[in-house]
Every structure is written in C-alpha cells, then in structure tokens.
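Take a look at this single chain, the form predicted alone, given in structure tokens.
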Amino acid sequence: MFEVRRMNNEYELCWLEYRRLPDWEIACHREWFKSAVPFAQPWEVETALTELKTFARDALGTKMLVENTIQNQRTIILGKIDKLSELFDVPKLEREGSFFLAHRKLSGKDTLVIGAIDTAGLVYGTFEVIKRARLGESFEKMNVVQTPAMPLRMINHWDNLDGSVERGYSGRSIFFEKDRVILNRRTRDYARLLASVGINGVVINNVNVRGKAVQLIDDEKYLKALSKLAEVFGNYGIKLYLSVNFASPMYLGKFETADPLDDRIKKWWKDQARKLYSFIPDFGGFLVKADSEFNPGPHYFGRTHADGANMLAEALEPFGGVVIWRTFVYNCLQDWRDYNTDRAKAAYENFKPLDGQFRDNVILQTKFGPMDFQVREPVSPLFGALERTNQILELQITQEYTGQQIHLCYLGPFWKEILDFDTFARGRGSFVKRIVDGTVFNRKYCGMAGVSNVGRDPNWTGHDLAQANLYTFARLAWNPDELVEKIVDDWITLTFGKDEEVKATIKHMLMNSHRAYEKYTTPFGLGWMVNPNHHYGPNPEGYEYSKWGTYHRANHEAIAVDRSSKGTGFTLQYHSPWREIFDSIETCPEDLLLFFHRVRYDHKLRSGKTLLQSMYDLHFEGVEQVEEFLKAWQRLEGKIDPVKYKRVLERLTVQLEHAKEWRDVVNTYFYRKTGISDERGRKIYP
C-alpha cells in the first residue's frame, strides 16, 4: 500500500518524497544515519548534512547527530578528498561533481564514506547514498565512483517575467510573477530536485527576451534578487545563467546599434559583465537566441554569428563565464511556393562554415534534430560537423509537440537513440554522446540542455508521469551510457514505491508511450500535422501554406519533401555511410522515410504493406495502445496515492479521446486525398 508524507499543501516533491521506509529496511539503515562526521569546513558540508538529516527524520524516524569523531559502530563520514586522503587511500577524481562512496573500517568501526573534490560532489554523493538506501541497497560492501560524463548538465526555462511560461504545461512560473523574481521554499526544493540527479546549471528566463526581461542583467533590483536566487542554487552545486537579448545595448544603453565590432558596444557589454558578477560572483553565463524567429542578432548589423558570440564571450571570459549560442536559425519567412529552400538544411548552412572561429568559452547549443522537436526526426548533421567548436545537445523535456503533458509520452528511449547515434565523424564510434561529452573532438565545454517541463502545479509537471522525462534527462546527462530501463525502474520505485505490479505496469506504459503517440499522430518522420501556434491537436495542413518552412506537400499520389541528393540535398550534410543510407528510399530507415523522401502512397514497405495502409494501421494501433494504458492504470487503483491516481486517470482519459481525434482526422485526410479505402474495412470518415 501507499504512504505519502505531504511536506505541505502547496506542492509535492516528486522522486524526493522521503516516504517512511518499511520496518525491515529501517532496521537495516537506521544505525547508519544516527551520526555523521564531516571532514571539511562547515560551509562545505552544510547542504549535504541537511539532506542526510531530512532523510533520517522522514524515512527512518531517527535524529542524525553531527559529531567530531567516530563514536558509533556505524557512521557516515563525508568530506573532500584532500582531507580524507589523510585517513586512507582515495580514488582519483578530476571533473567537477565527481564523488565516491565506500565502506571502510576505521578504528574497528564501520563507516560509509562520501568523498568528493568539491562541495557539489558532496551534494551529489549524498543524494546517491539516499537513493540507494531508498532502493534497498546495502552499505556493507559499497564501492562506487561516479564522474559526470558531461561538463554542462543544464535546464533551460522559457519563463517570462509576468509569470507565464512559453510552451509551459504545468502552471505558472516558479521564478517570476508580475515582473518580480520569486524566492521561496519551493525555490530551494527545486534546487534539491535538480541536484539529486546531477544538474549543474539552470537558465531561468525565456530565450525570447522581450519587455522588462531585458532589464534582468542591468536593473539593481533584479540583480539583488537574482543574487539571492543564485545563492540558493549555488548551495546545491548549480550555477545560474540568464538569456539575454543581443540588442540590449540599444534597449538599455540607448545606442543606435548593437554591432558586435563597435568598440562602444564591446565596452558596454564588458561593463555589464563586471556589474553582473559583482552581484553574482559564480554566475554561469549567457544563453542567446539571435537572428532567429525575429530575435535580433549580429546579422542585423552585417556581422556573423561568430562575431556576435565572440564579443559576448570576451566580456565574460575574465570572470569564467560562457556564452551559449543557439543554432536554431532558419528562414522563418519562407514562401510556400519556394521548392528550393529547405529549413532542415539551415542550421548546418549557417554554422558549419564558422567551425573553428568561435572563442574557447563559446558553446553552440543545437536541437537534436534539424527541424523543431518533432516526435521523430533524424539527428542533426551539425553533430559530427563541428570539429573545432564546443557543442551542447538541446532536448525538449516539455512536451510541445508530444502531447503537452496531457498525453503520456515518455521520451527516454527516443533520447537514448539520439545519444547512441553514430555520426561517423571520426570513423566508427563517433556517437552523439561522445561528441557532447567532449571526447570525440577533445572539447572542454560540452553537454546537454533540456527545455524545462516544470511549473507551479502541485506535481510540478502537470502529468505525474511526465516527471519521468525530467528525471531521465538528468540521469542521461550524467551518464549517457546508462540503460533507460534502469533509470525507469529507479524513478518508479522512488516515486511510487516497491509494489511489483505497480512497477511493472508503469514501466510498460512508459516504455511504450512514445511509440504509441508516434503511431496515432505522425509516423515515418512526417511531423507538423498540428494546429498552428499552440501546436496541440491534429491539423494535417495547418502549416502547409505558412511562412515557417514546414511543408509535406501532399497530393493524391504522394507525400513529403524529397531531401535526397536528387531533391534538396539535405542528405549530403551527413557523413558516410549515413549519407548513402538516407539517400536511398530502399535503405532509409522506415521510421524516417517521410522525412527524407517523397513517397507514393502505394509504395510497398518492408512489411509488404503499402505506405497508405500502414498509415491507417498505425493510427488504429496507437489508439488501441492508449486504451490498454488506461485499463492498466485502472487496475492499480488502491495501490497508488489516490491523489496521483486520480490525476493520471484524468489525463489518460483525455488522451484516449484526443488520440481518437488524431486517428480519425489523419486517416480521413489521407482517404479524401487518395480515395483508397482501408483494407480492413474500419471506420474512416468520407
């Protein structure tokens, strides 16, 4: 049965709800959590000790004492490796956040050691100990060394100062309201959530920086509030970053230009950086969306992206800051009659020629695919193309095109496919995960950025099961080689407990949900059949005659854009053998067939079915899977916290109705285009 200790009536704590453990587990762990001995300065272990005490109180019903010497038969000791090395041999740790956990006999007594090279590592190590205790692991033979694979593990918020959230599906902003910065208990708990899974950076404001948000880097009222916010996150090893408007000198400095090569503009940014770091000494840096979707950038002034990014990087460099420059740049005023321009090619065409021209503290942030977070896209060819430039992989945790946290759509398996994609940039083994951890091209600043899916809803993510996406993103940023199945198992246990039926049911739902969503929306890499602007619900030609370059050009015979070497030439941006594999309709992976090729409806797939019949079948199958998810969840009634059970039930019920709408709209669209009936005689509306 379930048991949840509510921290307050405002919100829950996701996977950090420290439910009281069963009696037999309490007996195993209580002695360990009765005392802690720090081998570090008090400020270095304060956060870690607070978390240990909280877990001891809530989960074990005991009070943990902090002592100067090892007295009890079992004790947790924690400290930095320079101090611990005076007691015993310690493993070699190098990267920020690295830690080790080890059982040691000291003075004839059992100790569990949490050792790290910095305070962030002590926090991460502490959360790892607590996680393992909650999962039922024994400490007696503990021997763990963990180093984060990626230097930068970031969350990007698209929050606005008025409290709204662009592409937010979980309530209002946790950072802003009525043009003010929010700082409260929830802020600290959010830092705890992120630190518990190894996040080390957070951008708190929208990449589309408009209105008063421009003032965040200048107004002392905002800077004072941000300094306090940065201190809260800093206690958990997380640096604060801000999105900035490239034309800020024009808005704030009253210049007539923001030309990055103008000495006045360079000086203005250097003065701003100095002022910013005087308030926030450990400030991480700037995130910039420039020359993209009407955001100003260096092209407005006849300069390159490298010119713009390098100017900002020069201003931040003395303070250790970085500039993260998004590569989401394309012609967003395309004429639908233009058959030559291909939006998919834009990022590569804009940034490949600039490879090697960026300063060392500039990082290009690239969306996983060449378009815009569709349910299925190929990996962007920029991964593997930029050999002399730092690069971050951008994933969208918030479910803009994948059901908006109304639909269950767990993205972990899809993200794993992206990370495991071999670009062949330096031959076999040039995986995306090895590019963004810096090893393939020996880059210093690399990593992953996830667009946040949290808001002020009681469960943080609107859909309770959408918490798994945030948790999984962070775990993969820490270790992209980790099995998604293991991550899912841990998240379910930490969130819902250890009932085997509950675990098996939720795991089945999560692991199959992305494919189900893909089936009843836009399979084969087609994408974009959504309502314009808000991007929810089916609209097969919603973007067909728009300015955004997102066309499928369907007629009565065929559908999709030919991106082969005989078409737009997009396939030529990939390294071999992908260039040849994607280029041929015979060898192209069928999951991506309609991304790369214009295909006749009567084209036979490898299953022997035609493309059109497969479309019909998949849309019916997707709905059937959602029906299965709903029935499976209903069988869990009484085994799950009733509040969570009801919320998920409501979402699944809505999802089923909307999945049917997707099925009927898309199938009818194809039937009306072709006049070809479903071979199985199912209901399709004429």
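Just so it is clear, the structure is predicted and the values come from calculations on it, not from any experiment. Residues carry their position along the shown sequence, with the first being 1.
The form predicted together with a small molecule is left out here; the points below concern that form.
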### Query
Among T522, Q272, T423, N206, which has any heavy atom within 4.5 Å of the small molecule in the model of the complex?
N206
### Summary
In this chain shown alone, the residue from R134, K239, K367, H305 with a heavy atom within 4.5 Å of the small molecule in the model of the complex is K367
### Query
Looking at the partner-bound form in the model of the complex, is K289 within 4.5 Å of the small molecule by any heavy atom?
yes
### Task
Classify W158 as contacting or not contacting the small molecule in the model of the complex by the rule of any non-hydrogen atom within 4.5 angstroms, answering yes or no.
yes
### Query
Does the 4.5 Å heavy atom contact test between Y401 and the small molecule in the model of the complex come out positive?
yes
### Touches the small molecule in the model of the complex: D372 (any heavy atom, 4.5 Å)
yes
### Task
Considering the small molecule in the model of the complex, find the one stretch among 165 to 173, 577 to 585, 406 to 414, 316 to 324 with heavy atoms no farther than 4.5 Å from it.
165 to 173
